[in-house]
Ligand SMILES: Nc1ncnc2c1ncn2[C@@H]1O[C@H](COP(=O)(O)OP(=O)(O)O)[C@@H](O)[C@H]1O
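Next up: just one chain, as structure tokens, the form predicted on its own.
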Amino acid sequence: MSKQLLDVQGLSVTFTTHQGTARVLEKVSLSLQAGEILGLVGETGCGKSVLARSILRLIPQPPGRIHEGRIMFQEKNLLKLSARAMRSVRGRCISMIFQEPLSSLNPVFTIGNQMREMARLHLGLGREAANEHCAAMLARVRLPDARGLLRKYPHELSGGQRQRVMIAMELSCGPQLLLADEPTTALDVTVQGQILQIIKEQAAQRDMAVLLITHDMGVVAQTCDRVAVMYAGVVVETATVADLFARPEHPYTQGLIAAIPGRERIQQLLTIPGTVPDLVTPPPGCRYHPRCVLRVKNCNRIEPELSTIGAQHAVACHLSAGKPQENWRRP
């Protein structure tokens, strides 16, 4: 049985804005085991990236603030560690691939300079040993002429090459957990498939856990073991990939799956009405209820809790009573 690596419980994060205090994450809980790939899905602005940055304590304070909760990693609460202790965690134990590699790589330094810095800082390698290590990592992510790439600048590489460099850099120190924030953004389908395959292979070879943030339910189906669905700063459903696609319980999850293009009636895709709510003044009760076509009396008054309905299936919905719903259909 795999060992639990990450356990986030009751995490709440707010941001101070001109309009007021935005409740960006509200009592978020999720867990990850070694070697597992967990997909985190939801619309833009639902808090996926904030959750990943909170794990690494990269939320700018101010305007951000972690109000409550705990982030247990290898049985240590990351929220209790000193700033110095967190620096030893970042990169060495937990690494993160950000959305746009061109903005994450420093344009005035070569790829070699940036990769060697991590190897020397976290692994204590000398210059020559760091060079060898970095070239080997670039080769591992299937980049040809690895030594030549170390001498190039980020702008000299294609988008797919830059993304592979970022993966190589984040894997170079052997992290136990990889946070991948939409790692295939703006890449064509072929390169996207190659990047996801590299992440899957590295997770399996290293027994590394991966939190994969994405909008693409197809990517989730092909890559992940389990899924957590977020809506407006709240986790509304968690399940294995097989269970989520076969028996989606939350109306929001049902809408996301029904919006996936199918072979039949492709011109009549279902859309979810309305927009993500203002998190400064979120709706009372269930945050999804203003857009939900299945809402009942309690939805606008009582906030549903994330309740277990199966071996690895939990949902936050007043409609769910442990029985699969039959009121959703693909178009």
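The first residue of the shown sequence is 1; numbering continues from there. Computed from a prediction, not measured in an experiment: that's the story for all the values here.
What follows is about the form predicted together with the named molecule, which we do not show.
*Asks:* Among 292, 37, 279, 55, which has any heavy atom within 4.5 Å of the named molecule in the predicted bound form?
*Replies:* So the residue touching the named molecule in the predicted bound form, by this definition, is 279.
*Asks:* Let me test this: is every residue among 24, 45 and 60 within 4.5 Å of the named molecule in the predicted bound form, going by heavy atom positions?
*Replies:* Result yes, every residue of the spot touches the named molecule.
*Asks:* Might residue 299 be said to contact the named molecule in the predicted bound form, defining contact as any heavy atom within 4.5 Å?
*Replies:* Heavy-atom contact with the named molecule at 4.5 Å: absent for residue 299.
*Asks:* Would residue 308 sit within 4.5 Å of the named molecule in the predicted bound form, counting heavy atoms only?
*Replies:* Residue-level check for residue 308: no, no contact with the named molecule.
*Asks:* Do residue 28 and the named molecule come within 4.5 Å of each other in the predicted bound form, heavy atoms counted?
*Replies:* Contact check for residue 28: no, nothing within 4.5 Å of the named molecule in the predicted bound form.
*Asks:* Taking any heavy atom pair closer than or equal to 4.5 Å as contact, tell me whether residue 50 reaches the named molecule in the predicted bound form.
*Replies:* Residue 50 belongs to the contact set for the named molecule.
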